[in-house]
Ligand SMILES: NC(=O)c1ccc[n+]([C@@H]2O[C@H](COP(=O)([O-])OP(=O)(O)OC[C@H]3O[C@@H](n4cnc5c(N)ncnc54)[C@H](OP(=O)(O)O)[C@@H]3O)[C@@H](O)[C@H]2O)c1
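Here you get one chain, nothing else, as structure tokens; it is the form predicted alone.
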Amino acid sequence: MKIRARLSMSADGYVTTPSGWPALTADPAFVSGQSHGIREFLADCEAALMGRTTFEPALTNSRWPWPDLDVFVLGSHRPEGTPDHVTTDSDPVRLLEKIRAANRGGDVHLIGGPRTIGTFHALGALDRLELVVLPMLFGGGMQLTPALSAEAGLNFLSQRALPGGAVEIVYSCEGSRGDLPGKPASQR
């Protein structure tokens, strides 16, 4: 099992537009239906892990965004209307243990903003950081950093061109992983 964060960002480093929408939603190539590799990414995932802020808008969607994934949510409370099959916990270490217990061998898609990604990275649980750099300049919005420090220890794995001029860059975070409570590094 690998925990993999995949997010889009503008060429000037913003993961959201100035109005707070995910960066990918501003890309005309994505809006026209091009996937930017998300289908291939999700093919290896069996679960989605996110913070409450990312999760709550899904409760009002007409279509459940994660129909084929187990869903785990980090939050101080279980939002009203949360389906019974969604696992929530306020403690990230306990939530990781629940994910491990439920895992059948697939990867986990870590969805969220800098705070959620930073939380799991600080625990040594983030295996890969996959960035889709869009050919756009936002000039403002939310940045991925400083939630990940300069000591993040990213190791380059691959890059590829995507539709519309976007570029996917994949990094391993394994060189910067700390020990997780109760779990030797060889068992993560």
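Numbers for residues come from their place in the sequence shown, where the first is 1. These numbers were taken from a predicted model, which means no experiment stands behind them.
From this point on, the text means the form predicted together with the ligand, which you will not see here.
Looking at Arg128, you'd find every heavy atom of it more than 4.5 angstroms from the ligand in the predicted bound form. Although the partner is absent here, Pro22 lies within 4.5 Å of the ligand in the predicted bound form, judged by heavy atoms. Although the partner is absent here, His85 sits far enough away that none of its heavy atoms falls within 4.5 Å of the ligand in the predicted bound form. Although the partner is absent here, Ala166 sits far enough away that none of its heavy atoms falls within 4.5 Å of the ligand in the predicted bound form. In the predicted bound form, Arg115, Thr116, Thr119 are the residues of 115-133 with at least one heavy atom within 4.5 Å of the ligand, listed from first to last.
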